[in-house]
Ligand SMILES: Cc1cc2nc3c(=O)[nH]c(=O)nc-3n(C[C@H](O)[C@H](O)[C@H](O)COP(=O)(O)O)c2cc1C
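Here you get one chain, nothing else, as structure tokens; it is the form predicted alone.
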Amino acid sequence: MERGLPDSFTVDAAIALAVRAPSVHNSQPWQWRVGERTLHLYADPARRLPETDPDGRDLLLSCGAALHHLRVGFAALGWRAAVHRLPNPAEPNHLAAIEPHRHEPAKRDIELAAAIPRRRTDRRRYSSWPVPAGDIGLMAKAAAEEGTFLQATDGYARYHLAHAIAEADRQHARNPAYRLELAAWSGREASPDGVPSANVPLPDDTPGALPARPFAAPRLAQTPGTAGEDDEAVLLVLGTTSDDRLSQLRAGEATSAVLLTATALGLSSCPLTEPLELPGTRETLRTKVIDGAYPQMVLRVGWAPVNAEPLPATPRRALDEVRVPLGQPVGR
């Protein structure tokens, strides 16, 4: 970048933090282009999963999470990111233009940036310790700062949410094309993308456990000693008042903000998008869980058992693959 703007080391450090963001099936559907005064985020449509994500909403959420990770990274490195979202209607894959400005890092900036390399998607069973209401409040505040809302579910709302999760699992199980796509993106050992076996737990056969995606070749053991305990995870629904592309992108940013807040608090977390990928089950959440708003993400949050083994980091594509010259077409 030009004089007075971040040097290439700083830009690369921020992008390296950005690409640690969660994405559907770890597909990493983003590209970054570095200009003279701006950094640009593009969606990579070649990495959209047509069976899992037919309308591209998961792709936008994933890119939104990476955008928030980038903002956090820049802030901790001494730069505030001014973001222009969806800057060019004629170029729908151009999701954001980012202008860095000098900024004195706040304690919160550093805490969230430090949470990025520690955050994991933990699909295992959680402990019987309840999540404090104050922690849920802090996560809801983080979502609100990104223009969304976060709602904890209990009673009938949780019943309908659990039913929608189970129904989405049943419908996907009857879809051979979906099962093939899921198998292709999971069970990997040496790939820079997809869901590796080491991060997929063996099925949880505890009565009342929520169904999980049947990723291929699971080999992560459930934590010993949790089978007879209640799992006191909270199910949080992140929603927006509209459902356009901007709202979905902002929901991805809010997802990142909530997950990093949870990690900074010492909590484990797991995004659950499956009930939002089918029109019928998403409508159940809209009408019976969040009172007519638009559900964008479900998050399972709780405490890992004290004897839970640390999870390995999921792989990421090389920086040179996701950071491309400004004039190069997306996906090259």
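Heads up: residue numbers just count along the shown sequence, starting at 1. Computed from a prediction, not measured in an experiment: that's the story for all the values here.
Just so it is clear, the following notes concern the form predicted in complex with the named molecule, a form of the same protein that is not shown.
Using a 4.5 Å heavy atom cutoff, none of Ala18, His68 and Leu249 lies near the named molecule in the predicted bound form. You can rule out all but one of 40 to 48, 283 to 291, 301 to 309, 268 to 276: in the predicted bound form, only 268 to 276 has residues with a heavy atom within 4.5 Å of the named molecule.
Arg316 belongs to the set of residues with a heavy atom inside 4.5 Å of the named molecule in the predicted bound form. Taking the partner from elsewhere, Val195 is found to have a heavy atom lying within 4.5 Å of the named molecule in the predicted bound form. At the 4.5 Å threshold, heavy atoms of Val11 stay clear of the named molecule in the predicted bound form, well away from it. When contacts are judged by a 4.5 Å heavy atom cut-off, His103 does not count as touching the named molecule in the predicted bound form. Scanning Arg158, Arg245, Arg188, Arg120 against the named molecule in the predicted bound form with a 4.5 Å heavy atom cut-off leaves one residue, Arg120. In this stretch, 278 to 299, the one residue having a heavy atom within 4.5 Å of the named molecule in the predicted bound form is Met297; the partner itself is omitted from this view.
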